[in-house]
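In structure tokens, one chain follows: the form predicted on its own.
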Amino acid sequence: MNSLAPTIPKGFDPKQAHVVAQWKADHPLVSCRFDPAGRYVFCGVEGSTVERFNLADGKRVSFPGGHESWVFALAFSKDGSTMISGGGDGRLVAWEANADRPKPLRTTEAHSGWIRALGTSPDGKLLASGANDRLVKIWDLATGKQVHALAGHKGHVYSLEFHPDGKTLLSGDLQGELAIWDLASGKRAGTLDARPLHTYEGGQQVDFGGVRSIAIPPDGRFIAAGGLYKASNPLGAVHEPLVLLYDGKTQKKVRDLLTDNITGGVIWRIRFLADGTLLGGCGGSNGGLLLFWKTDANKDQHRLALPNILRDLDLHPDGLRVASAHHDRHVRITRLAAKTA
């Protein structure tokens, strides 16, 4: 871990955001995360590996032999020494994150279905996993032992987010249910209604959408849930991105964060910037976009078009760099511009 914490700017000029680097893997990318030290960006691919890119020079290192399916989710120990990957095989694999020739340290048959989301608690002691078996599981990150199995979701679990206070975990599913769990007891502590993010299309007979991402700023003022709506033709990729914003204390919905003229997009991940701006990664038939919202307005204030369909994003510890994972096999690094005055 870096001994000196990065100086994170308090304001950004979204219109100055621009791509500063891109590197290519052997397969389309489905996930990406920066390590806590900010040296690397790790990417899960449509094959069965994780790819690590050095931010200084783009050097790529593969993590083979852990999975038999796509790698959808990534997380880290607090010090960044261990990386955990979750795949469509239902498997959790722990790796030495900084190794030159990585090998699996520990493998856990964790879920009977795709692992869609992983998260690490603020104190670094717990790992949460969510999967298609409708379960959320809590693990001791150091030992890999299961602490809780949280049941009650009626659809695939797509997203997870630990509350900054370290006492609760939020999980979102396909049906548009946002569950709040008490970490001490392992019991449900509340539920937020995110049903606008779910569509059942009777003609095509598909459930579609869901809570694809959750974000909470460090002060806990808001809870944001991202996905899609207006899915008039889900199988034809006709739908629009949507973020629901809730008051962090009352848990009442504050507003819908919307976009205009994006008729084939999904919000795959959302993050709060240091100035309170909400950043969303949108991908679909409209390509790839970074969207920026102010929380006191209903529509995005700016959007940055990226060269290809976006499937995930992450925010660097410095608060200035954004990684995005793309279908064209590239991970791209976008730099946000700090306001000068």
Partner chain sequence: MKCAYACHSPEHRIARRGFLAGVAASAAGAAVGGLGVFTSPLAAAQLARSGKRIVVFNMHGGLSQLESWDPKPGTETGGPFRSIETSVPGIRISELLPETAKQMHHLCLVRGVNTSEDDHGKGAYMMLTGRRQSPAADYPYLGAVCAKAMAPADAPLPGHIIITPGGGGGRGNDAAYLGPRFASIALGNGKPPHDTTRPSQIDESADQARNRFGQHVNDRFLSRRRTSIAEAYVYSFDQAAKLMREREAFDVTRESARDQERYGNYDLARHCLLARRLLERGVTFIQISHSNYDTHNENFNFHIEQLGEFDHAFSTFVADLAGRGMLDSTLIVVLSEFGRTPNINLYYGRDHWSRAWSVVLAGAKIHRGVAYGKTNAKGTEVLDGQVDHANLFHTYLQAVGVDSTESFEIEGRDMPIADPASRMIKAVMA
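All of these numbers come straight from a predicted model, not from anything done at the bench. Positions refer to the first chain, counted from 1.
Unshown form predicted in complex with its partner chain; subsequent notes refer to it.
Residue heavy atoms within 4.5 Å of its partner chain in the predicted bound form occur in exactly one stretch of 307 to 315, 271 to 279, 34 to 42, 55 to 63, and that stretch is 307 to 315. Shown alone here, residue 321 lies farther than 4.5 Å from its partner chain in the predicted bound form, counting heavy atoms only. None of the heavy atoms of residue 288 is located within 4.5 Å of its partner chain in the predicted bound form.
Using a 4.5 angstroms limit between non-hydrogen atoms, residue 153 is distant from its partner chain in the predicted bound form.
In the predicted bound form, its partner chain sits within 4.5 Å of a heavy atom of residue 207. Using a 4.5 Å cut-off to its partner chain in the predicted bound form, each of 91, 158 and 236 places a heavy atom inside that distance. Only one of 98, 132, 77, 251 comes within 4.5 Å of its partner chain in the predicted bound form through a heavy atom, and that residue is 132. Taking its partner chain as positioned in the predicted bound form, the residues of 98 to 132 that bring a heavy atom within 4.5 Å of it are, in sequence order, 114, 116, 132.
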